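Next comes just one chain, in structure tokens: the form predicted alone.
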Amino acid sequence: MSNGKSDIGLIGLAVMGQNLVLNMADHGYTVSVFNRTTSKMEDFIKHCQENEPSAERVVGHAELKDFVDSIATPRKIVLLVKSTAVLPTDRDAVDKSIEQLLPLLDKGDIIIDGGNSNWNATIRREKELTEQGYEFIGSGVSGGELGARFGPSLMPGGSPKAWKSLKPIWEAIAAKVDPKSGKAYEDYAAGKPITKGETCTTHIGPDGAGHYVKMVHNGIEYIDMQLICEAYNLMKTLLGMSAGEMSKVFGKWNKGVLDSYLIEITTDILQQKDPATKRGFLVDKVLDTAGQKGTGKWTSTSALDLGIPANSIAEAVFARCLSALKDERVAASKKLKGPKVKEIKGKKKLVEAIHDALYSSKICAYAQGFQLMAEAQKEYGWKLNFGEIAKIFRGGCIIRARFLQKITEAYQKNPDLQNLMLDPFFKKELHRCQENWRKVVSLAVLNGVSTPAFSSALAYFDGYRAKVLPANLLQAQRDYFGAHTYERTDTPRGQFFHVDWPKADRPQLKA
């Protein structure tokens, strides 16, 4: 606290906002809080006073002016408000909050948008506020409720000047990892803030870079989750394994190369008994319809716009869309028939093969995400440090995993790495696992089990490594019906040709 003023302010006291406030207070920062619904702020302050040791560092305000006046200058104000803007011209609740704040601020004050805002809106907001003399940071915040409380992965984008002011707080509250192993420190039970290790935040770049990287993180999260679900479904459908049996498999996998937060929670989910009926496992009672908030769709749309083949990420989005058609699928299951699932022998070997298919597909998924970010930096004039991005993904965020340490090392060795699959370590792993990967995808197809993520990842691998693709015929078709021209294999790149295809010599058919 400086001269009786708070170090930072936060607007928006939903669960993420509350936990981020408590995280900052635990690290010694005094935080002013405001919420549009005053009663929510009052309930939060009461909870802090009754339950939190750092309660004296959380100060509630019912009036926005009082809230702003309570913060030391240059003010740092975090917005955790739901964003709906996608196009640069869209205006939403984040913009409304900014409009209400501006008359109360001084030039040089910093507004930090910590929500899941679209990067296009962040670019627009940063430009508008900079022109008016204010600073704006769009910061991705990943880790869910637990991460916000004890250490999220933070992805800020904005001016270096604004970052310099926010940096001490963001570095203090971010997740921490062991610099050698890349393993996140998660000793929350002690009730003390984690201060050791490398911090999981870095300045991503200007304007919308932080929110773009957070969006790609979420796109990778979509495919990561879908891959795990397909592994689960294959063990369930082809091997008839129970949720409890699969929990043990995932628990074992979590001690090896697949060690990750998502594998860890899958292990827990699969051993949860149904509390309602007291019989069987809860996962078997959960309806098979998955929701989504839009960031996976944004990632896929951006990949299409930039011409990057993030097909596995898109398939994960479509898989959720397909799951939502529950009634249609139930009706179709009575009319559309596929092959009968055959008895599979060699259960242990197939489980091992599914492990390798999951691992290989996961490598491809991350390769697609990083390839997309590489193209985005060209489009938007950013300079992204992929080694640093992989490093801050190691702790706090939803996709945190052991092999992110290997991704960090890959980009540290070669910052200009064209594709993650070309790194010596990952190339070796893909070569080692691909036989099992192909076996699993083949078995799934032959037995009528849908594996869009496994299959699209393999198609990406095979397509990327192909010296020649059938696009020569495709381009010939385009030239035939639209005179779109083509390049020749026997002339230098960049020379384009067109032929009048309908007049080409054709063999005459006999009557």
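Just so you know, these numbers come straight off a predicted model, no measurement behind them. Numbering starts at 1 and runs along the sequence shown.
The following text describes the form predicted in complex with a small molecule, which does not appear among the structures shown.
A.B. asks: Specify the contacting stretch among 260-268, 340-348, 109-117, 422-430, defined as having any heavy atom within 4.5 Å of the small molecule in the predicted bound form.
C.D. replies: Within 4.5 Å of the partner lies stretch 109-117.
A.B. asks: Is there a heavy atom of Leu417 lying 4.5 Å or less from a heavy atom of the small molecule in the predicted bound form?
C.D. replies: Contact with the small molecule, no.
A.B. asks: For Ala14, is any heavy atom within 4.5 Å of the small molecule in the predicted bound form, or not?
C.D. replies: Contact with the small molecule, yes.
A.B. asks: Is Gly294 close to the small molecule in the predicted bound form, meaning a heavy atom pair under 4.5 Å apart or at it?
C.D. replies: Result no; Gly294 lies far from the small molecule in the predicted bound form.
A.B. asks: Is Lys82 close enough to the small molecule in the predicted bound form to count, meaning some heavy atom within 4.5 Å?
C.D. replies: Contact with the small molecule, yes.
A.B. asks: From the list Arg394, Lys214, Arg75, Lys362, which entry has a heavy atom within 4.5 Å of the small molecule in the predicted bound form?
C.D. replies: It is Lys214.
A.B. asks: Name the single residue among Ile399, Val141, Ala121, Leu234 that comes within 4.5 Å of the small molecule in the predicted bound form, judging by heavy atoms.
C.D. replies: By the 4.5 Å criterion, the partner-contacting residue is Val141.
A.B. asks: Is it true that Thr289, Ala314 and Arg320, all three, sit within 4.5 Å of the small molecule in the predicted bound form, judged by heavy atoms?
C.D. replies: Negative, none of the three is within 4.5 Å.
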